[in-house]
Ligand SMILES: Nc1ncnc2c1ncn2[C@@H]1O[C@H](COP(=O)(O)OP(=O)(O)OP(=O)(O)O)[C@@H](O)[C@H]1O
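Below you will find one chain, with nothing else, as structure tokens; this is the form predicted alone, and questions on how it binds or moves follow later.
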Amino acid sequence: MSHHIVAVQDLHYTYADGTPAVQGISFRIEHGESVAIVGANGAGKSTLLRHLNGYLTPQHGTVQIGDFALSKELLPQVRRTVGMLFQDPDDQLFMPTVRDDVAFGPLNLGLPPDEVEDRVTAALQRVGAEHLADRPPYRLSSGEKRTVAIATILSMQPQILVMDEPSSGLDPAARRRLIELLASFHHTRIIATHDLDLVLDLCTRTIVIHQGKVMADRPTLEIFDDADLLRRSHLEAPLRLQSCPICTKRLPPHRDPEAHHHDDLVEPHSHA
């Protein structure tokens, strides 16, 4: 595929129980963009992402990856291009060892053993999980499972990363490594997440989804500056952009913050 774009046009999907999950979503993401998909629980984010790698088929509308509309015939080619991280890493880890899981994708591409081994080693090194290579996945912590699931994607060397809640379950150090890793990935990144501070670090564009529809598609800082949009979408601004309640309480009420006097800032001395 010559152009690794992702284009969704008038996408609809309703589950078997009659629940409408996606209702007419459209957008276009160009090669190299880093785009966040945000919304409250049940907004339709995961359902949308599962269409981008062919795990769900549109009931109405189209999904285009590269130059072609996604179809069953193109699924193998699409899945080489699009690396998908599921919300639950247990959906991706099923082999006896971590090394086997990370090697599974490259082996299915028919790559020679030496190249598979090189890819496995490089992927585990990039996520800081070399020490887990011989561990069975079921004995990993939730954060370790997520880290290994990311390695299984990187070993495929995709041109497009699609990630559903990639920072969920990670401790602060692992979360920071994830942000650094994703920042170094120069192809297309599509990240659905509740971690809006991660969005602030990584995504220049944000698509807000509410009740299966696109509420807004704008530069990230514009989205987070729109308090009414966030309220209507049941979202809050990232913590870094919220005012500090402790600092706010330090200001005396009904006073001009530019007009502090010395006795506002220094406790009076006690007298003997």
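The model shown is predicted, which means the values in this text are computed figures rather than measured ones. When you see a residue number, it is the position in the sequence shown, counting from 1.
If you look for the form predicted in complex with the ligand, you will not find it shown, but the lines that follow are about it.
Options 41-49, 216-224, 233-241, 28-36; stretch whose heavy atom lies within 4.5 Å of the ligand in the predicted complex:
Answer to the contact question: 41-49.
Partner contact for H194 in the predicted complex: the ligand, 4.5 angstroms, heavy atom:
H194: contacts the ligand in the predicted complex.
Closest heavy atom of Q87 to the ligand in the predicted complex, within 4.5 Å or not?
Output for Q87 is yes: heavy atoms within 4.5 Å of the ligand.
Taking only heavy atoms into account, state which residues of 61-76 are within 4.5 Å of the ligand in the predicted complex, ordered by sequence.
Read in sequence order, no residue approaches the ligand (within 4.5 Å, in the predicted complex).
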